[in-house]
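Presented below, as structure tokens, is a lone chain in the form predicted on its own.
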């Protein structure tokens, strides 16, 4: 049965454009073909059907674990994350691990991390240069990596944390190159080749992570509140724990998915906030009313709306994909088993019927309005919604609450382009900014009081 029409360029050229300008490709295709179209990318055995009608997205997200596989669609990430990563699993094994990991990112346990997030952001701001241009994405990466190391691994400040942070930063920087997602380029040509360096650094980082896992099992987890401790304590319905390989691959997934994506989302949020000074002023007033209390910051309405609007306007990942395990009708399309179908996050978020003036940054649209799960989907949806979604939103609120009252800054470039880093889309050049004023933490706290 035929798939919906789409671009007719050769698959290698479609892949090249998708890797370099994904948002432009999606805009062009929707303008030409409508709410459903097929892209044929080199390396995929068949076309990938892109859907952007919210009702079609709802149908995709409603598919059961035996009807559609996301892990199969994410296979390109296996060399980066490991075969036991939650993003690579399907069916019963995915549900088993998801149930064991999800409690670590909800409730009081998550909120206990708020002060750590605030403190790490303040420490970072203290080192920001004043009056000279710098890329703000890098310190955002450093903050989110430190948050992961403290809250997920339970590591305290010291030589061990600094060494692991440096090693992981180097691994993630190499792994972020889009070309390394292509299987033909994943070749170990020695320690100086990109893939060879990635493998060797990954092995060193993996050895450290496994040492932490073993030490946690030996010492026990009494009194610990970090995510690793909860993963070690978790048991499935038969009473079995996660294996060392499973814990290792989930830690790597949290490092990659929970560090890079949140840093990028924060950079995009700043990109839009820095051209809305009146909004920043309103946010500062609202943040001051919370008195530095993480629990109160988390409930601030305008801050919450700002985070949601940033994730709407510039989603970090443009789409999520599933592989149909049986013939299904999606959005009125009769699709055979084996079809790749992908809700386009970017296109749903730019839909004028849902979001009037969709290209404008207007957090006010979320005040008093909660979109459906298939209308706002920066973290995917259904059974495959990101387990760290609540954690990521919470972290963004804490970072912005620490940053906005302390810093006056402006964009160093008028035009901000999007650039791919592995599967994420980041501001080109790391979002260059110039800080004109940096207030002390004490001065801001006094003003808030």
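All of these numbers come straight from a predicted model, not from anything done at the bench. Positions refer to the first chain, counted from 1.
The same protein also exists as the form predicted in complex with a small molecule; that form is not shown, yet it is the one meant from here on.
Contact with the small molecule in the predicted complex, judged by any heavy atom within 4.5 Å, is made by just one of 39, 401, 51, 392: 392.
With the partner omitted from this view, the residue of 366, 195, 113, 379 that lies near the small molecule in the predicted complex is 379 [heavy atom within 4.5 Å]. For the chain shown alone, residue 141 is not a contact residue for the small molecule in the predicted complex, no non-hydrogen atom being within 4.5 angstroms. Heavy atoms of residue 262 reach within 4.5 Å of the small molecule in the predicted complex, making it an interface residue.
Shown alone here, residue 384 lies within 4.5 Å of the small molecule in the predicted complex, counting heavy atoms only. Interface residue remark: residue 202 is not counted as part of the site for the small molecule in the predicted complex, having no heavy atom within 4.5 Å. The stretch in contact with the small molecule in the predicted complex, judged by heavy atoms within 4.5 Å, is 79-87, chosen from 212-220, 119-127, 277-285, 79-87.
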